[in-house]
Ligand code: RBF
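The form predicted on its own is given below as one chain in structure tokens.
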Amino acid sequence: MRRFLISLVLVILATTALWAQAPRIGVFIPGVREGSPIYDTMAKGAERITAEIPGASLKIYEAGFNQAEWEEKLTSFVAAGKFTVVITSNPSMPELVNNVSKSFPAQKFICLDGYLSGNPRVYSALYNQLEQGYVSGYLSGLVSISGMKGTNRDKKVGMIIGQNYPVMDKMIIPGFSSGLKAIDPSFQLDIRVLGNWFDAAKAADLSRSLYASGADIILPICGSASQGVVKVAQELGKYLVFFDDNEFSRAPDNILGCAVLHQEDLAYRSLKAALDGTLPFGKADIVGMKEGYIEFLDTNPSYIKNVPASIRKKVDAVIQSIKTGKLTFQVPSL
């Protein structure tokens, strides 16, 4: 009996030690997961690494759309969680993470889709969305002047965005515009601001207005509100290009191309390195096509079906130029 009790105590102690060492991962979503590919894929990356580590735990928190509340909610989340590492994603989050980290000197943070260098408790990785925008704009320009069904003579393409923010204004819009003007400098980019990330009805109204004004193609970057844009494109037989995730299945006859961010892989690998002790906290990386974290889905059946081979060949040449470093884009200070 004594041996049994000793063995039981040893098992309990070993189990307790294992759970004490097991990582606890926090995922802070500045918005909602549903309808937001960038947040959903970040969460999936965290779920992958958690499933691989015995005893590891995961807590996902959705902070909602009110940006004024994010810092307070992040503070509460960190204070209550006792996390090994907290991962988040949004170009606005580095500043908030930097502020919150001052109150929690032992807490480690990973901030994806953002840039913050020099804080020893924070690792960040920013996507070079100039590349993503350029390829999408280049494709849109080629299609617009192609004479394909659904296009017109006007050299005009549209964007519907949730709101203006530094990455949008300094990377995404300039990249997309540069791609268009590489086809013809006279191209006009008509941008409409939704003002939120969820109003599908308003997004549909803006889409109708853009198409009516001569836009052949729309790039929607407006979160779950993109449902309204897709619906109008299908009704009118018009075209779309998409960012961040594989969206072809939503409208296979209308979506010309998708330039995706491999956020799930970046989240998984960053968390794995953090838990292994090899992630360079204090450093800010910039990642893109060359590193494999931005990809244009050029083998998707819908892309091949919808876009003529002559256009696909030109787009492929641009992608290869970016991957080899022949065509480069200098990321601006945010």
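Quantities reported herein were computed from a predicted structural model and do not represent experimental measurements. Position 1 is the first residue in the sequence shown; the rest follow in order.
If you look for the form predicted in complex with riboflavin (RBF), you will not find it shown, but the lines that follow are about it.
Annotated contact segment (heavy atom within 4.5 Å of riboflavin (RBF) in the predicted complex): 37-45, selected among 273-281, 54-62, 299-307, 37-45. Residue contact check for residue 268: none of its heavy atoms lie within 4.5 Å of riboflavin (RBF) in the predicted complex.
At least one heavy atom of residue 243 is located within 4.5 Å of riboflavin (RBF) in the predicted complex. Within 4.5 Å of any heavy atom of riboflavin (RBF) in the predicted complex lies no heavy atom of residue 150. Within 4.5 Å of any heavy atom of riboflavin (RBF) in the predicted complex lies no heavy atom of residue 233.
Out of the listed residues 221, 218, 139, 111, 221 is the one that sits within 4.5 Å of riboflavin (RBF) in the predicted complex by at least one heavy atom. 261 is the sole member of 130, 160, 258, 261 with a non-hydrogen atom within 4.5 Å of riboflavin (RBF) in the predicted complex. Within 4.5 Å of riboflavin (RBF) in the predicted complex, a heavy atom is found for all three of 67, 92 and 197. Taking riboflavin (RBF) as positioned in the predicted complex, the residues of 159-190 that bring a heavy atom within 4.5 Å of it are, in sequence order, 163, 165, 172.
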